[in-house]
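First, one chain by itself in structure tokens, the form predicted alone.
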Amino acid sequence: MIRVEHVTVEVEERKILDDVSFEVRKGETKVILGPSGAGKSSLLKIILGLWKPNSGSVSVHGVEITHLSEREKMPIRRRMSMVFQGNALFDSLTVAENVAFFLQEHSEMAEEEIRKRIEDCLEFVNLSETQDLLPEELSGGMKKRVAIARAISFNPEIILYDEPTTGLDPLNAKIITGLIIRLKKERAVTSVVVTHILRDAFAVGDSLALMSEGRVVFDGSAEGLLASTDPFVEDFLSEIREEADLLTHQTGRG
């Protein structure tokens, strides 16, 4: 479904991505792990065709997209959707209007069909009762679920998630990872999930790519990651575990 081959991106003579290669198979959930500044979110922009690499190629659905015009990319983008880290909901629109926005702007669906699609998408994320609410009336976890409802509104084959559980409490984070898993099982969605949270990566990922300073330093299974003797991998895992232990200790004291 997605193939990234030897992609390099430079911004002001600084390499954001450095000879990055990986692939995502149909129906797979690929997790891109790494610390802040590793280049994870930049990869999503490359896959969406928002950035053009300095070198290398990106193929989506078997189509090489790096040299396509914006008009030529549109049919491919319509088969993908994005769940943004900040949700990107329109504050002045209701939940229902947010979910319907792209359908009304970019489809020829009748209003009744759009209304039914809104109901189905909000039911999937267990927010049927929120249609008339504004984003400011929702919790952080609910906003993320609305963002997912909007992302699935036009039945995409690929969904890209940028830090989908960052800032959420453990319960809401588990709800979001559960939705990602359901979309794979029930709708055969292919996903790319960018995160720095190891627990979520292991929960949803069929394969994991760990990035450092714009390069992929590991690409494989969760078991392979845990067994790796690469110094950066070991350091990354130890830091994540220390943060988790500290959080657990602080929560226990509180």
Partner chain sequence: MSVAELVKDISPIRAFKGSIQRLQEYSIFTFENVRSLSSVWRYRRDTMEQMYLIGAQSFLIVFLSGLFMGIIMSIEGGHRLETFGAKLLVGRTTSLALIRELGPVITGLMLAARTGAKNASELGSMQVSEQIDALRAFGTNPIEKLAVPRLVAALIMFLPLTLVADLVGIVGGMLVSDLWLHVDPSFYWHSAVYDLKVKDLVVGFAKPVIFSFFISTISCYYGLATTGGTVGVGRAAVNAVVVASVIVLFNDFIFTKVIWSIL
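What we label the rigid core is the largest C-alpha set whose atoms superpose within 1.5 Å from one form to the other. Numbering follows the first chain given and starts at 1. Bear in mind that the values here come from a model prediction, so they are computed numbers and not experimental data.
Keep in mind that the form predicted in complex with its partner chain is missing from the display, and what follows is about it.
At least one heavy atom of L48 is located within 4.5 Å of its partner chain in the model of the complex. In the model of the complex, its partner chain lies farther than 4.5 Å from every heavy atom of E129. Contact check for T165: every heavy atom lies farther than 4.5 Å from its partner chain in the model of the complex. At a distance threshold of 4.5 angstroms between non-hydrogen atoms, F124 is out of contact with its partner chain in the model of the complex.
For the residues L89, M142, L179, A96, the 4.5 Å heavy atom test against its partner chain in the model of the complex is passed only by L89. Using a 4.5 angstroms heavy atom cutoff to its partner chain in the model of the complex, none of H196, D230 and F232 count as contacting. Partner contact region in the model of the complex: 78-86, out of 78-86, 113-121, 165-173, 179-187, criterion any non-hydrogen atom within 4.5 Å of its partner chain. Contacts to its partner chain in the model of the complex (heavy atom within 4.5 Å) from stretch 137-166: R150, F154. If you fit the rigid core between this form and the one not shown, you'll see the Cα of L93 move by 2 angstroms or more. Comparing the forms between this form and the one not shown on their rigid core, the Cα displacement of E111 stays under 2 Å. After superposing the rigid core, the C-alpha of P135 moves by 2 Å or more between this form and the one not shown.
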